[in-house]
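Just the one chain here, the form predicted alone, laid out as structure tokens.
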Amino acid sequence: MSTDTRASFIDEQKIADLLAAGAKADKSRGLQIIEKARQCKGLDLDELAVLLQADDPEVIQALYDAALYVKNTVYGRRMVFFAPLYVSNVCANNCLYCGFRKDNTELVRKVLTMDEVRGEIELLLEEGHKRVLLVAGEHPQKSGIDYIEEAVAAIYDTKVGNASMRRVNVNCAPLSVEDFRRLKATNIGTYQCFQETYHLETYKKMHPSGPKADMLWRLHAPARAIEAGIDDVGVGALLGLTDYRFEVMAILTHCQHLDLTSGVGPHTISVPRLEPALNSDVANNPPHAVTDDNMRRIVSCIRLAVPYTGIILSTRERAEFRDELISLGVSQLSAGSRTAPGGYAEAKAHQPTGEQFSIGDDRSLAEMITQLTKGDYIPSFCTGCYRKGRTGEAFMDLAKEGEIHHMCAPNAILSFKEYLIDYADADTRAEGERVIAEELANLDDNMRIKITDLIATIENGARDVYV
């Protein structure tokens, strides 16, 4: 496969026409589309255009109900946790919405040393994290592929007792196919690259200078990563830069394009909303502000449109709203996040410095685990699919057929059991054991016996157990 990096697959006029037609759809059409979506086969662009604009209360409630149904059908009650690790805020770009932009002279710049990377990972391991997302500013010399290779190795090598990070995902600047192959060789899981906005004129305006000003190079980054052998990629848009309805339509277009040209759609979709950032008028006054109702619709529509893909929600959102969006299709959450290099050590020392954006949910991992467990969710730290080769097309084949939850639920139980023993307080442990017992009862007889036996090995000291 070769990637044409000079051609765009985003047809803005087609999206505009579909949205115009979708706005005219009546209530019965909306309900018909939602009923189809409950089959967990996804949506076409014209159908998504209808649901993004439906205003009948019955249709909206049916949309929310269907989103939860599809999420539970594909993934079950499990909720995956991870932590971001910002390793640098030195950047060659001038993105108008970002606190890390090159011309922000008030920001204290930092690139973590490998010792500092290890120190941050030790703090995350002490909390119970097992997945980390490495985030690097775009600077070819100070945080390019050489640095990222070294940082990923340092993360995997760090241990606290018997605990270590089991999977490193990476969010960094777009790379060439050759450099993506180097990234693949470090044994990462998912490569993330957010387009920020798929709207050409908005993109040009928001990225006046720096490597990121090349929209097409960024647009084709996920395809280049797949070409280099990275099975799982993550996409997303920064909501608030332009009309959210256009962005969601463009995200589905991107998913369809990857599926068509690479044989596999994105593993995750992220839905970050603009939040205040240091010295950024755009972030502090979003040009197309996204309301809470808009966010509810965005998450629900993406869940129905791309049912096989994980939806990631960051700590940009306030705590109670994050809890609500879980019921509309979110399947992965960050917890206890810090968005500055060295932020975890600084937080422990009560010396926080400027972060990339304002955090709305400052709950610790332990607090979030307790909250979700009381809501009958299974917190998951599983990385079994990566080790078992259930990535890329293999994962999608299972997810598209609604079969991946047969792996997700058992592995969530096992990883959560480990967390309860090693990190939870007595109250959370009791709640957790209740939820595990309920989830075990939902497994078929053979899997229940197998998982019960593996739980016993965890109680006897085994760790990193998965099926």
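Residue indices: 1-based, along the sequence shown. Because the structure is a prediction, the values reported are computed rather than measured.
Unshown form predicted in complex with a small molecule; subsequent notes refer to it.
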query: 4.5 angstroms heavy atom contact with the small molecule in the predicted bound form for K71; finding: no
query: Distance check, E247 to the small molecule in the predicted bound form, heavy atom within 4.5 Å; finding: no
query: Heavy atom of M295 within 4.5 Å of the small molecule in the predicted bound form; finding: no
query: I145 within 4.5 Å of the small molecule in the predicted bound form, heavy atoms; finding: no
query: Triple contact flag Y75, T373 and L440 to the small molecule in the predicted bound form, non-hydrogen atom at 4.5 angstroms; finding: no
query: The small molecule: the contacting residue among I302, C172, A221, I230 in the predicted bound form [heavy atom, 4.5 Å]; finding: C172
query: Contacting member of M79, A277, I312, I121, with respect to the small molecule in the predicted bound form [4.5 Å, heavy atom]; finding: A277
query: Residue stretch of 210-218, 112-120, 150-158, 329-337 approaching the small molecule in the predicted bound form, non-hydrogen atom distance within 4.5 Å; finding: 210-218
